[in-house]
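Take a look at this single chain, the form predicted on its own, given in structure tokens.
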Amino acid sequence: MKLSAFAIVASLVVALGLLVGPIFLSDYGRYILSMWIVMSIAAIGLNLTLGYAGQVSLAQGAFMGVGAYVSALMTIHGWPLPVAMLTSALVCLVLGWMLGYPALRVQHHYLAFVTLAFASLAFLIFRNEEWITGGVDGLANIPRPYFLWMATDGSLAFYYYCLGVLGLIALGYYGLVRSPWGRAFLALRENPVRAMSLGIDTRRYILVAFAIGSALGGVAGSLFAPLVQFVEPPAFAVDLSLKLLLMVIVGGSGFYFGPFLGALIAVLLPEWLRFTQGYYLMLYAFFVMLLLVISPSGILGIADKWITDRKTRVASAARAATASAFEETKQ
């Protein structure tokens, strides 16, 4: 389905706001927006795995951790961030491909347990293998990159660097989900048996979904490391994977803009509710539970249902008018 004129205009307005708005924000405001970008990239990867291929994964936070540690180690030793980012993506791509093999034998909550075990294993490696990860002390003094020989040490410059990466990933993401591969992912999610009967190699597409989603988690981690300039094991515990899963579900699993909206809510809403002091997490949890009761398909699911119902009413009215005109001509 082609984007409507309203969606195009809204996208342009949002893009303009992302370009101009941060100029007037404080360093902390730019940090929050940069964190939204990082989480959006990771959520895009999980949306490919969950929303399009229908595979439940609780390992996306672990892939972010792998990407963060690989990027941190390389940049600390003098490698440029783009090279470290590409390496992080390739490492996570291979790990995601390997993790995808259990998905060929187990499904749904069984697969969630398999990926949860991988996330727990990754956390133990981050914490205990001090010779490479620094253990509980973590890795500090992670440098920020140069772009066209310009330093991005400032919050605004690094925000634009992250925004550029998000723009490239968003374009690739759009092309993928609108391609035959994206339609094959949807067929796999809706009915794997029917997809197989249509000649779709379900094994290959499951592996590809895990691999690409994991690689995007690695890219997000490689941006997270220079953003906070310090990585430690608790940042990549299992609750990060659960938080990313929540972003995809709340925004709208299987919708293109779902990860962006879900990450926006997960990152910004707790900040907006901080005026309630100790109650903001309770209010945030209540909002999420209420939303999922009203619309299990997320916020964009509500909009999609409204648009579908409106089109149905318009089509019904058109059919009724046509039938009435036909009856009049018969008389």
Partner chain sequence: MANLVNLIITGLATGAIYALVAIGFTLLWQTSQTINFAQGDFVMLPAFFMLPMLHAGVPYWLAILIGVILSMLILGYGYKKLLVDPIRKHGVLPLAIAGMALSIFMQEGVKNYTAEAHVFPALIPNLDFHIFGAVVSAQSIAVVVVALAVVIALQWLLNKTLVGHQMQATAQNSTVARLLGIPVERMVLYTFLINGALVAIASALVSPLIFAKFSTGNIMGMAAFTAAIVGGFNQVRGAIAGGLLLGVVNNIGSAYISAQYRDAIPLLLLILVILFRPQGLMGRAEERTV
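Numbering follows the first chain given and starts at 1. Keep in mind the model is a prediction, meaning the values are calculated, not measured.
There is another form of this protein, the form predicted together with the partner chain, and it is not shown here; the text below is about that form.
The contact residue chosen from Ala266, Leu50, Val70, Val38 relative to the partner chain in the model of the complex is Leu50, the criterion being a non-hydrogen atom within 4.5 angstroms.
Checking Ala157, Leu116, Met74, Leu86 against the partner chain in the model of the complex, a heavy atom within 4.5 Å turns up for just one residue: Leu116. Look at 75-83, 217-225, 98-106, 138-146: in the model of the complex, residues with non-hydrogen atoms within 4.5 angstroms of the partner chain sit in 98-106. By the 4.5 Å heavy atom rule, the three marked residues Tyr110, Val193 and Tyr279 all count as contacting the partner chain in the model of the complex. In the model of the complex, the partner chain sits within 4.5 Å of a heavy atom belonging to Leu124.
Though the partner is left out of this view, Leu33 does not reach within 4.5 Å of the partner chain in the model of the complex, counting heavy atoms only.
The partner chain in the model of the complex is approached by Met289, whose closest heavy atom lies within 4.5 angstroms of it. Among residues of the shown chain, Asp153 is not one whose heavy atoms approach the partner chain to within 4.5 Å in the model of the complex. Using a 4.5 Å cut-off on any heavy atom, the residues of 45-76 that reach the partner chain in the model of the complex are, in sequence order, Leu50, Val56, Leu58.
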